[in-house]
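Just the one chain here, laid out as structure tokens, in the form predicted on its own.
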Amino acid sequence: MVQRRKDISSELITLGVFCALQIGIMRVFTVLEPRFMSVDNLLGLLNLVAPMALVGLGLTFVAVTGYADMSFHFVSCFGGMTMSHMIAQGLSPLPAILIGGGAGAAFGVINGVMIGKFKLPDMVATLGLGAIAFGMAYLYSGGTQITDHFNDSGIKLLYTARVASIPLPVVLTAIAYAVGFIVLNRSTLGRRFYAIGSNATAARFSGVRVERYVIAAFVICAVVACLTNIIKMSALAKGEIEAGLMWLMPAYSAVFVGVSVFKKPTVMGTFLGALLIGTVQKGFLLLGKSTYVMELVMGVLLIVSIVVSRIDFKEIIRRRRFRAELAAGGGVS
């Protein structure tokens, strides 16, 4: 119980520092550009954060099991182009989206089998399979964009529709996070995912079917990435082959910023990471800065978050308390 309280206090300290940083960044952008805190801009911020948070959520499941996925952005390209091809063939949006997500799920299964069952190196195996998925995305149109039936199919509503004045992508992201939080933090499934990430061998001896959970994690990552890219394509009103390539850095940045706060991959941490990155990006967009500046900042945030995640704040606090007690005791002696 005492150790648990110490863990919570350490997390609260780090979380407080993070919140102070988030508020500070928002205040700086507000000073530089007063429109930053306007209602329209904040809604735009939510729209910017939503896809980044969504794809990061899928990656969180893989990170929880202790693995890395370097293919999900490539797989999202294949899933998005599959959906676009179905739309071009006259299929209605819902089944087209399901088929696109199913295409991503197939690659997730292959990833999970290669890594969970055959123990292949995760980064190399997923990178290779991702290259295959990206190459297959070209088969639908030979490298050109797909625009047929996008305007009259209703697929654009996936991006433009609103629920109580809130953009539909934001609502979908909120629902996905609620489900993800319940699964990872309030269910036996979540405890098993974390057990595998902590010690797969011990989890196996405890009766956890490790391979199945690893496969499930990669499937979730692939399907969520495909859904994210499908939402982007609905916003673009076309099937763009390279649309999903942009998700790799934001997803990993969001996950590792979250790890720097909670010392492990968590749903809440990933959202906080996406919010921080989205805030910086939105601020620079409002100031008219170029895209490369945002990429630079995102890279810096990723590196800093990895460094911070390595710092053991609990140990620092313990040492300071020990030194204070030693100093007090030395005065007595």
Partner chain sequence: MKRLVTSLFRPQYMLVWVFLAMVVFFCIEAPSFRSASNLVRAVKSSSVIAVMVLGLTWIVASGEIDVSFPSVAGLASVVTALAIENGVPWTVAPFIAIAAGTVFGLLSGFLIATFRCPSLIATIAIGSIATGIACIIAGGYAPVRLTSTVGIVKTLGSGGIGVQLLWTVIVLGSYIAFKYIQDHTTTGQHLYALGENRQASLEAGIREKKIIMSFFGLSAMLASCGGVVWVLFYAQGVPRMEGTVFIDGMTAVFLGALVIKAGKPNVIGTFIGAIFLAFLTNGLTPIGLEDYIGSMIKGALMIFGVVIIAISRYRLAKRAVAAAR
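Positions refer to the first chain, counted from 1. In this text, the rigid core denotes the largest set of C-alpha atoms whose superposition between the two forms falls within 1.5 Å. In this text the structure is predicted, and so the values were computed from the model without any measurement.
One more form of this protein exists, namely the form predicted in complex with its partner chain; it is left out here, but the text below deals with it.
Checklist entry - Three residues, 170, 177 and 286; all within 4.5 Å of its partner chain in the predicted bound form via heavy atoms? => result No, the whole trio is out of contact, none within 4.5 Å by any heavy atom.
Next on the checklist: Even though the partner isn't displayed, in the predicted bound form is residue 45 close enough to its partner chain, meaning a heavy atom within 4.5 Å?
Outcome noted: Outside the cut-off, so no.
Next on the checklist: Please tell me whether any heavy atom belonging to residue 70 falls inside 4.5 Å of a heavy atom of its partner chain, as the geometry stands in the predicted bound form.
Outcome noted: Output for residue 70 is yes: heavy atoms within 4.5 Å of its partner chain.
Checklist entry - Would residue 256 count as a contact of its partner chain in the predicted bound form, using a 4.5 angstroms cut-off between non-hydrogen atoms? => result Output for residue 256 is yes: heavy atoms within 4.5 Å of its partner chain.
Checklist entry - Are any of the heavy atoms in residue 224 no more than 4.5 Å from a heavy atom of its partner chain in the predicted bound form? => result Looking in the predicted bound form, residue contacts with its partner chain do not include residue 224, since no heavy atom lies within 4.5 Å.
Checklist entry - in the predicted bound form, which of 292-300, 275-283, 49-57, 25-33 comes within 4.5 Å of its partner chain (heavy atoms)? => result Only one stretch passes the 4.5 Å heavy-atom test: 292-300.
Item to check | One residue of 127, 91, 109, 158 in contact with its partner chain, assessed in the predicted bound form (non-hydrogen atom, 4.5 angstroms) | outcome: After the contact test, the surviving option is 127.
Checklist entry - 105, 132, 216, 236: which sits within 4.5 Å of its partner chain in the predicted bound form by any heavy atom? => result Looking at the other structure, the residue within range turns out to be 132.
Checklist entry - Which residues from 95-123 come close to its partner chain in the predicted bound form, meaning a heavy atom within 4.5 Å? => result Heavy-atom contacts to its partner chain in the predicted bound form: 114, 120, 121, 123.
Checklist entry - Quick one: once the rigid core is lined up, does residue 42 have its C-alpha move by 2 Å or more between the shown form and the other one? => result No, residue 42 moves less than 2 Å.
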